[in-house]
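Take a look at this one chain, the form predicted on its own, written out in structure tokens.
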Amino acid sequence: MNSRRRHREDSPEEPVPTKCPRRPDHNEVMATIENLMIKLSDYNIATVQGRIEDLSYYVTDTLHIYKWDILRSLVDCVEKYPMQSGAYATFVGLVNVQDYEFGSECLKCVTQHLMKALYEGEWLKAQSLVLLLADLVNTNVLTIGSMLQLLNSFVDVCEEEDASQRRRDFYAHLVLGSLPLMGRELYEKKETALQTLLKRLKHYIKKQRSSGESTRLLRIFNSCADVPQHDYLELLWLQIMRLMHDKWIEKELLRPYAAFDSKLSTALQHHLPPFQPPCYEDDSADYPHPWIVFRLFEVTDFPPHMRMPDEMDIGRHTIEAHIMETVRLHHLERKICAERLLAYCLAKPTLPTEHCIIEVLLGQMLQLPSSPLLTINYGALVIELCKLVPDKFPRIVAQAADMLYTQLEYMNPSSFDRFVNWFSHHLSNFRYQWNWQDWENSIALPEFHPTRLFVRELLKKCMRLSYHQHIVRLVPTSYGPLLPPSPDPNFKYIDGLLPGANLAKHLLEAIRSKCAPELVGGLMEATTELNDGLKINVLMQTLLHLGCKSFTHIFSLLGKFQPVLKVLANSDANQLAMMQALFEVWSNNEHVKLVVTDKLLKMHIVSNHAVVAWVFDSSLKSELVKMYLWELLNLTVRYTKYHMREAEDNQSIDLNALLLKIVQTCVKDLMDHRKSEQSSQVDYWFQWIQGRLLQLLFNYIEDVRKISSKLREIAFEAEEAKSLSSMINDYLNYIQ
């Protein structure tokens, strides 16, 4: 037996040494705390109350070590989940009961982050922190007087005469957004001060603020549409007025602190450190732009056993804010986002939250001047919701699509395009099943009527995502006038009697025999009986005919004979001849025209100015209302801005010149059209081109600012077309 073992057996009274328990390190503790904080964002209030207690007990013993890490994590969570500020404020309140210093340090930390967010233009973070401060009043951490001082300092900004409207709107929105959370508390304890605050805000919103230009430009539907649309700040003001009429009783916010009222009421309160909003001498900060809120569903569209707060009820604002928060946070993970939205639906069983979700998603998708996210983000999320709840969401989506369809005549062209792109993608995920018979009324409408054009563009997009014969078989035979022809190429030099047919024959033989580019160049030079434009037409048509099987074949031939094409494209007229040949061969396939033109541009065979000149060529006037030509214009501008290999100064000059050329040419075409068309009927062509021009200008706001003085001159010269001149002036006022 081992002597050490024998000694232990002989001395049983001596304690046996044991291993010391492992102390959790800093990272493990903070990971646990952060995980518990994130779980406070749950929508089930009973679950959240238990988690708040667990978290407050867990951190109480470790505050002296992890205080600043806990506060940092708190600020991060509030920024992500601002609509759960009540839960985080409750946590702070419970800890404040045990540790008065923690409450003081928390307020100091929050105000420092608030000031930093305002200085650095982190507007969402600033809004989130103000909501937290409002709820800290409810949890007895912050005095009402201190919060009123903060709100009044925000209203002071609204009264700055030299400040931009966007700066003043932002601070007004900060104040109005916090009132639903703490309005009842202010009403009960500081009613006079609350009324004074509201009176100052009313003076700004009703008398000093101007929303006419932005409202006109940002309307998804024009004023003739039967769809409620509101300026975001004016709507929130009306909702606050309704809330005041209801004695500040709000029913949709989660208020977990109510369950801990007896405990929170025993805490000592704190005052905010002195706070003054940043002052910008030149207002260089990029404050949030205004937006329009529109309502798609009416009360009669909801299930009879469910209630939905009406549009002037602050509860509607609260529900929409929860939905937008979830989409903003999880839009890159559609499955997680859909599950979070469904969890919110389950937490509100008496509300038709599903309708509200679709309304918010479509409202953001159609928002002007641009949607917060890509159209595909909204489309993928809607598809995921339809798959998760197939007995509800598909029906609601169909209902929404039908409602939008009935208002197409009044829809802005930019929103129109997004509606086409979204709905074609949506149908492609559900085998293109739709009640096509319900839309047959579009067939008899005028050629450029928005409803008829929508169905045509939708069918073309569906064919791009599928194939021609499949879509033809799916839709009723009555849709014949709206169906595009089969997208096959048209090589006209098969007819041997046409001028240039002999050259085409020789080119076909040479290229099929895999000749060198020099031989093709020699054939072109040897053909002296044809002018340059016709020779270019023959060569381009021949290359496109031989490569018609796929884009790979076309690009391969263009790449092989690029030297020849670049020599021939030595003038604007020759480049336009190339474009004409492309549009003749693929006259029935818009997708190929778009992609191949983009390829010619990137291969430096045609110039960006030549593409613009071709798009506005008189031969394409009827085509100019279609989406693909404006896609091509946007591709051309984007390529000029980001990919042209030139010095930065020259690139900027070329981009400015290109944008100016687009505006000048488009305005000239609109003016010429207005002079030639004196009909009393609605001029849909004019409306389409004007709307799409505005869409393009919105896409490049920062670049258009550099030519704004010249646009003023163009607007002045276009006074004869009042709507066009007003549109340009409103746009210039918007971007200033």
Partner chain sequence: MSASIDLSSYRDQHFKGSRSEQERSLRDSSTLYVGNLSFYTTEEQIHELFSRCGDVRIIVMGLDKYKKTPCGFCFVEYYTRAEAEAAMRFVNGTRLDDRLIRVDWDAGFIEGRQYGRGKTGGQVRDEYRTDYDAGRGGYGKLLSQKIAPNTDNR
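No experiment lies behind these values; they were computed from the predicted model shown. Numbering follows the first chain given and starts at 1.
Keep in mind the form predicted together with the partner chain is missing from the figure; the text below concerns it.
*Asks:* Is there a heavy atom of L332 lying 4.5 Å or less from a heavy atom of the partner chain in the predicted bound form?
*Replies:* Yes - in the predicted bound form, heavy atoms of L332 and the partner chain come within 4.5 Å of each other.
*Asks:* How about F491 - does it come within 4.5 Å of the partner chain in the predicted bound form, if we only consider non-hydrogen atoms?
*Replies:* No, no contact at 4.5 Å.
*Asks:* At the 4.5 Å heavy atom threshold, is V595 in contact with the partner chain in the predicted bound form?
*Replies:* Yes, contact at 4.5 Å.
*Asks:* With a 4.5 Å heavy atom cut-off, would you call N608 a contact of the partner chain in the predicted bound form?
*Replies:* Outside the cut-off, so no.
*Asks:* Using a 4.5 Å heavy atom cut-off, which residue among S414, T353, N421, Q165 comes into contact with the partner chain in the predicted bound form?
*Replies:* In short, N421.
*Asks:* Could you check which residue among S622, S513, S478, S550 gets a heavy atom within 4.5 Å of the partner chain in the predicted bound form?
*Replies:* By the 4.5 Å heavy-atom cutoff, the listed residue in contact is S550.
*Asks:* To test your reading of this chain, name the stretch in 568-576, 98-106, 550-558, 239-247 whose heavy atoms come within 4.5 Å of the partner chain in the predicted bound form.
*Replies:* That would be stretch 550-558.
*Asks:* Listed by sequence position, which residues of 578-604 have a non-hydrogen atom within 4.5 angstroms of the partner chain in the predicted bound form?
*Replies:* Contacts from 578-604: H591, V595, K602.
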